[in-house]
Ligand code: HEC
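Take a look at this single chain in structure tokens; it is the form predicted on its own.
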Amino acid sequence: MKPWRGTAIAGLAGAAALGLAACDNMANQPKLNPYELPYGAQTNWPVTPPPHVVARDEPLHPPPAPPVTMALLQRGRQRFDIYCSPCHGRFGDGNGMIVQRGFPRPPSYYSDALRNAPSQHFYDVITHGYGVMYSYAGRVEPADRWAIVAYIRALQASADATVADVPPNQRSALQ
């Protein structure tokens, strides 16, 4: 037998024994289990975050609805025409260009269910999506969402409007 063979075999046997011993230590090493607090952390639990810190996936409370002004309605119409009218149509009847090309028809804003829905519902649908509509939270700023909601409410109110609802000094502009 060659002298290096005995050394090589002894080295391999030693490496194998060390490997097996290390595996046992890895399985039994001290560690923290999920949701287990480190020693001493119980005194400070739950840890309160510093002021003005918001969790990344935690939804923020929506800003309150602003008062309805002509500027808000004009901004709402502009944003509605850009983001909403391709599906919902320029009048909110659910007959937009995308629908005419075969996509599912969204509900009309003039349905009783949506007329009776709170304004927060429209804000939430723009924010989170609903049905086949995806979220527009990344595209429409919160203030613009409220502007769109105000414009949707104006569309709904205009469906039942008559000429008698127009002030007498402005009726000539309708002709």
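Quick note: we count residues from 1 along the sequence shown, nothing fancier. These numbers were taken from a predicted model, which means no experiment stands behind them.
The following text describes the form predicted together with the named molecule, which does not appear among the structures shown.
Contact with the named molecule in the predicted bound form, judged by any heavy atom within 4.5 Å, is made by just one of P64, P51, P30, G131: G131.
Candidate site formed by C87, F103 and V125: every one of these residues places a non-hydrogen atom within 4.5 angstroms of the named molecule in the predicted bound form. Though the partner is left out of this view, R115 does not reach within 4.5 Å of the named molecule in the predicted bound form, counting heavy atoms only. The named molecule is not shown here, and in the predicted bound form it never comes within 4.5 Å of any heavy atom of P142.
Of the heavy atoms in I152, some are within 4.5 Å of the named molecule in the predicted bound form. The named molecule in the predicted bound form is approached by I148, whose closest heavy atom lies within 4.5 angstroms of it.
Residues are counted as partner-facing when one of their heavy atoms sits within 4.5 Å of the named molecule in the predicted bound form; in 107-122 these are P107, Y109, L114, H121, F122, in sequence order.
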